[in-house]
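Form predicted alone, single chain, as structure tokens, below.
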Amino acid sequence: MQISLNPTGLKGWNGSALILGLLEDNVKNQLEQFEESSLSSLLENLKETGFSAKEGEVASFNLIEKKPQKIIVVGLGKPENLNLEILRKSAANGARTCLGTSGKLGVFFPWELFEPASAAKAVAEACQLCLFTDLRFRNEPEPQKKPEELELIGLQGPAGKCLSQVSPICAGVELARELVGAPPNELTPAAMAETAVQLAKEYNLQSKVLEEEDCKSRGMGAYLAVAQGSDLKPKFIHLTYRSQGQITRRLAMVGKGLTFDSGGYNLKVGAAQIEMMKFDMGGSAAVLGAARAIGELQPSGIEVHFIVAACENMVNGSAVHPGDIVKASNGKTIEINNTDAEGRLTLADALIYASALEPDAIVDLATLTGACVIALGDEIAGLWSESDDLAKSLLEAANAAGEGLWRMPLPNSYKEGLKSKLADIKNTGPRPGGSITAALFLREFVGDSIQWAHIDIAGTVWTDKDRDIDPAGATGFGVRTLVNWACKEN
């Protein structure tokens, strides 16, 4: 989508569709500003319908042989409650109503109530992302009209400084959505590795893919134990972005990469929705989406490593047993008391690998626990970190992105639940506090001097219905937070 500013206002604007945002306070006065425009008669009808501009309220009108052809009026609620998240949701509600309309989409909001650049970026991202559709697997997909251009009306100058970031970031989110949405017979570990290598070629990243024998030589026993039940070979992916000039921050992003998770011998049954376990690589999708965005944005002063231990968790005669003891690449032994807690095993060796690169900070993202979904639902991801500075930075990045993130506790006393009678550690603890013990398990595999954070996206990786900027399906959650975090001013 081509995005631009239109500082001249509504007079004479002749695009295909127009979104007008109105505040709940004194709708009549707000409508008066359009009395001298071609919208006056239509908006007079709006007053008669009782439109009150409550938050989430939408009214749309189709015009015959006029420009614009469609007008969507969205309610922004009370002025004292208005914030970027409401602006983002309102833009998405309006843009989604434009499906079926091609050409130019205009948005006119009370920009003066916001810092212009932040508002412009939030609205532009919302309009582009809510119109995403994934038709790759339809035999004869129906043509779907949607706007090709976006104009933010009434904005100028400084507001445009963030707009160049919108398309690369949205493309990263859309890549993550396509990866998560792809069926497991299409998105295999090898296919994920091929995608990563192609990203490296297109966006000037360095790429390295470790094969099974390479992982064996590095002693990655935890990761390989998960992969051994599948006919498909594991692929350990490492991409690197390195800016020109002096490097002041070195970061690592690690994503859980289970392209399908059967649960192993602790097979997923009942309400576990095994057919949805294609999304168990949502963390790796976010990491690769961030790599794609950062590669295009070319931020200065940073080096970023993108790491994915990709594999399947399947059942055959070679699959890992409940009760097996495996050794991670740092020599720590792990008793596997649940083969369905496999993601943390792959992440253990990935975190050890990332720590050896000696970054300033590591962030891992994973669809790790159902316990996090119980705690925070499907709109908020959990964040665990012992570093207040890192946690603050990630929360600020998520808030700017409109992605829900909540810091969770990491008490050492819960580590008692991970004690094994035979090995150094078990891979799961008791059911209460399951997302906390999962984070404590991961902490065992991070270098002592490295800031680390774990983000559990089990609830946020997928939505079953259209929600805000996310169409039903894969959300691409985490990409915008990671990009904001990496690209913050040094």
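All residue numbers are counted from 1 along the displayed sequence. As the structure is a prediction and not an experimental result, all values here were calculated from the model.
Beyond the structure shown, there is the form predicted together with a small molecule, which is absent from this document and is the topic of what follows.
With the partner left out here, the small molecule still marks one of 209-217, 255-263, 163-171, 105-113 in the model of the complex; by a 4.5 Å heavy atom cut-off that stretch is 255-263. Proximity of Glu335 to the small molecule in the model of the complex falls outside the 4.5 Å heavy atom cutoff. Under a 4.5 angstroms non-hydrogen atom cutoff, the small molecule in the model of the complex lacks Leu84 among its neighbouring residues.
In the model of the complex, the small molecule sits within 4.5 Å of a heavy atom of Asp340. The closest non-hydrogen atom of Lys145 lies beyond 4.5 Å of the small molecule in the model of the complex. Though the small molecule is absent from this view, in the model of the complex it lies within 4.5 Å of a heavy atom of just one residue from Lys327, Lys268, Arg242, Lys415, which is Lys268.
For the options Glu403, Asp280, Glu312, Asp349, the residue carrying a heavy atom within 4.5 angstroms of the small molecule in the model of the complex is Asp280.
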